[in-house]
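Shown below, as structure tokens, is a lone chain in the form predicted on its own; questions about how it binds or moves come after it.
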């Protein structure tokens, strides 16, 4: 009973009005524990392969995401070293429908407009399989750290993280993206049972304010979509004012966009224009039924709204087609890099003399795609950060360790997940290590965790200080 008392009575009354005969089941679902999802990093291994090595009890049952499982919270998957190795992302199941619905293809230019903490970005990266360009934008600087950490864990080389306003991105890029994702900030009703604090902030005024901001963001997102491209709008709220209402207003203003019906998974609900206080036109109302609503009393999920829009053919305003010139390595930098590569990499390494490498400041980057124009934009990276040039040496990055496979490196130390060595390594401690001096890739049961540098029988710990933890 105490759990139910934290839900605002006005919220419950609204949901009773919307859901009618379904309301008792919805009300009952609010007292149930939230669902926990685990999405496998298919850049590193398949869902089937992970299931064979999983230390957790996995349950299939997320029909919209074939690479994901339900997992019990008591298994504490966020505490396992496999999580730090980037083998999976812990994500609320309904949120997994977003990237799957946008369905990016390999080789496309994709923008995640409000990307932190990175769940949807990493999902998009997996679907793109490292090919094409994925820009993950986060306007709030304080949220960048978690986004960058999750992108690095994922080992995706084709992600650029930017820190800009949507207005600046529109001014800089114009309508150049094949697919744009706007997972809009919202009143968060769909996360009420997952976030105990969220209901305390809720009000009808909050819904009204969110809807006003969402339509502004959606208008800007639309200006980034190329002719024929796709725009996915999503929220984690049930409020029709933030969902069907925003889309109805957008479609009235933008006749060159059309709403594409999303595939209806069993248990999902279509859009509900009839819940709006002011019904839209008949044609827009019919289109809105092609949107998707996920509810916790119908599916193993929390709550989400998704709507896929496509821009019809129209003249493009794209005005910056020129790619950023890649800065070549100096002769000293090339020598330091070649010395490092010869000492550390095996012949099977994906990084070699023919790899597209370039420098940005003191950092060396690998970019498998032509860089878009970035000058004038606040951005954190330019693809895969390989490492940095120090005085008379090259030092590899943590991102490189999580991109590599053990067979690509000459010296590897591999430990069981529950070993004392892994616990010590993740606390930043040195380890005894026999063998030749030099860089060593530290792995957990065959999956890279980070770097160490062996010096006279001691492995000096190079795990990033801001990643350190106690298992």
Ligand code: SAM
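Numbering follows the first chain given and starts at 1. Being a predicted model, the structure only gives us computed values, none of them experimental.
Not pictured, yet referred to below: the form predicted together with S-adenosylmethionine (SAM).
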**Prompt:** Considering 381, 116, 163, 126, which brings a non-hydrogen atom within 4.5 Å of S-adenosylmethionine (SAM) in the model of the complex?
**Reply:** 116
**Complete:** With the partner omitted here, the residue among 140, 256, 393, 264 that in the model of the complex has a heavy atom within 4.5 Å of S-adenosylmethionine (SAM) is 140
**Message:** Test of understanding: in the model of the complex, would residue 213 fall inside 4.5 Å of S-adenosylmethionine (SAM) by heavy atoms?
**Reply:** yes
**Request:** Could you confirm whether residue 120 comes within 4.5 Å of S-adenosylmethionine (SAM) in the model of the complex, counting heavy atoms only?
**Result:** yes
**Asked** Could you tell me if residue 374 has a non-hydrogen atom within 4.5 Å of S-adenosylmethionine (SAM) in the model of the complex?
**Response** no
**Prompt:** Are any of the heavy atoms in residue 184 no more than 4.5 Å from a heavy atom of S-adenosylmethionine (SAM) in the model of the complex?
**Reply:** yes
**Message:** Given a 4.5 Å cut-off on heavy atoms, tell me which of 204 to 212, 107 to 115, 155 to 163, 361 to 369 is the interface stretch with S-adenosylmethionine (SAM) in the model of the complex.
**Reply:** 107 to 115
